[in-house]
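One chain follows as structure tokens, the form predicted alone.
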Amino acid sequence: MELLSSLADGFAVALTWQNIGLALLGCFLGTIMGALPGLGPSNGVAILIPLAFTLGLGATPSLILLTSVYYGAMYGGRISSILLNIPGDEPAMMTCLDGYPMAQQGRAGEALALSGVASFVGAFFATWGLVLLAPQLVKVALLFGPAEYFALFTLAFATLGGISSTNQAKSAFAAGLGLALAMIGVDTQTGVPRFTFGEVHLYDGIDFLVAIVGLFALSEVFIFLEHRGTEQDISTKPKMEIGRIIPSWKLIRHCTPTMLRTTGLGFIAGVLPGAGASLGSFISYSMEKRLVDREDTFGKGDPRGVAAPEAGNNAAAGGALVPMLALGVPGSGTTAVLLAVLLALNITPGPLLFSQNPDVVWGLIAALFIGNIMLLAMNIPMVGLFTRVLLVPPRILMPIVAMISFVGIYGISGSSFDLLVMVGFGILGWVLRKLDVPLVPVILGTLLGNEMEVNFRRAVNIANGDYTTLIGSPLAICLWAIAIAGFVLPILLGGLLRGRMRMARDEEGAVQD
């Protein structure tokens, strides 16, 4: 009953004209960014962070705008997957397997609409999972002391590469780089400047919003400049005819059990730190294929092969918000970016968030329900409009991204030094992407580095210098065990999983040939 009362209070916060308008804008922009190959939810949210701060939005409106972009991008990733056989982002890769064959059969509109319905089912029930599970996690988190929090942060770094990580060593290097960047500035306990090289602007440390916009948004611009004229413009590729945009009730009923099963799988994958939407999408497709593909129709245009990964990856997107809000540990790359927004707004995610800022967290959850309905309403009748976004050439899109980045960051800080830092992070992001080093652990290290250091020092000081206090409780030992397993398992099983994903793609290509 208390949950329903809190949720009702959240709807009272969310159902204002400003918040409804921001949710609508975020859903629209997010769908567009998700549809454009290469951007995806992490870049989409990072690009619009400066806009949220430049508009002077408060905590709740900012989060409503950016989480709507997040959910919208998860919806939008399916569009280029189905029409062009090019995933808008990594989780949408599995949608290509049956979505593109459906488009080749003249059923593109049906595939787009069905995937929209599946996305709604996955995101809607995942939001209910967030309502029910996050407050329970908060009760557990109240048992945490400094040693447990240090172990929890270690777990976040150990698992962030995920089971589909191509190289755990590179993930570890990226996390170490992020922690090193977090050390820049004045030591909060001793007052001694660290790694500032006499530059006064660095005494407050690196602004993580500047780092995020540089690493994600500007590096995308540099990647475009590098490949300008050497890659085929997707706007020149032949487009599929959309056809019927409303799926029949018979088809929806046929796919409903698939949607419900894969929603549960995707939500579990999202809640686990480091798993994320990519694993949720892959597991959902693979399990459903084993369960129902008795006639070997998956990979040849089976609608259930579209519904399964879409419900799975959108449920995982909602599940990833659970550890971020309840524990302060992001469950995915995009929630790591959202964590930075919360910290920039002087709101600390974790156990006290639900008691100290209930209007923010419940208003956000209510807005997610509203945003899901908006996205369903948008993505069926307006799917033809969203497909036109694929005609926008990158030479027009990328200057807009650069303009938003520079104007937004300058509007936040008013410092030309921050613009230079942002460009520096853009170059760093470009180099790391060239070396196939993940960017999200860098961001997570920058975000959590100071908190991790503070909890480490606090735990050791309380124990009078006894470092065994870090493994002095059953909860801490459990967290350390999960962290070690989360780091080692991808090394042992990651190659097998990636091999199966490649095999699925190769089989799909062979069928189309």
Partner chain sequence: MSDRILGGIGLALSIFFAWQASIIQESFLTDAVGPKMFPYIIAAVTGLSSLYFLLKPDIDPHWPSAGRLAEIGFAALVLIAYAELLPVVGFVISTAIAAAYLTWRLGSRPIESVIIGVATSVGIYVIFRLVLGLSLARGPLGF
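Residue numbers count along the first chain shown, from 1. These numbers come from a predicted model, not from an experiment.
Quick note: we don't show the form predicted together with its partner chain, though the next part is all about it.
Proximity of T54 to its partner chain in the model of the complex falls within the 4.5 Å heavy atom cutoff.
When contacts are judged by a 4.5 Å heavy atom cut-off, N167 counts as touching its partner chain in the model of the complex. Contact annotation: F197 falls within 4.5 Å of its partner chain in the model of the complex, judged by heavy atom distances. Contact between G116 and its partner chain in the model of the complex is not found at the 4.5 Å heavy atom cutoff. Comparing 295 to 303, 205 to 213, 97 to 105, 428 to 436 against its partner chain in the model of the complex, the single stretch with non-hydrogen atoms within 4.5 angstroms of it is 428 to 436.
Taking H227, R253, K139, H201 one by one, only a single residue has any non-hydrogen atom within 4.5 Å of its partner chain in the model of the complex, and it is H227. Only one of V131, M183, I370, L343 comes within 4.5 Å of its partner chain in the model of the complex through a heavy atom, and that residue is M183.
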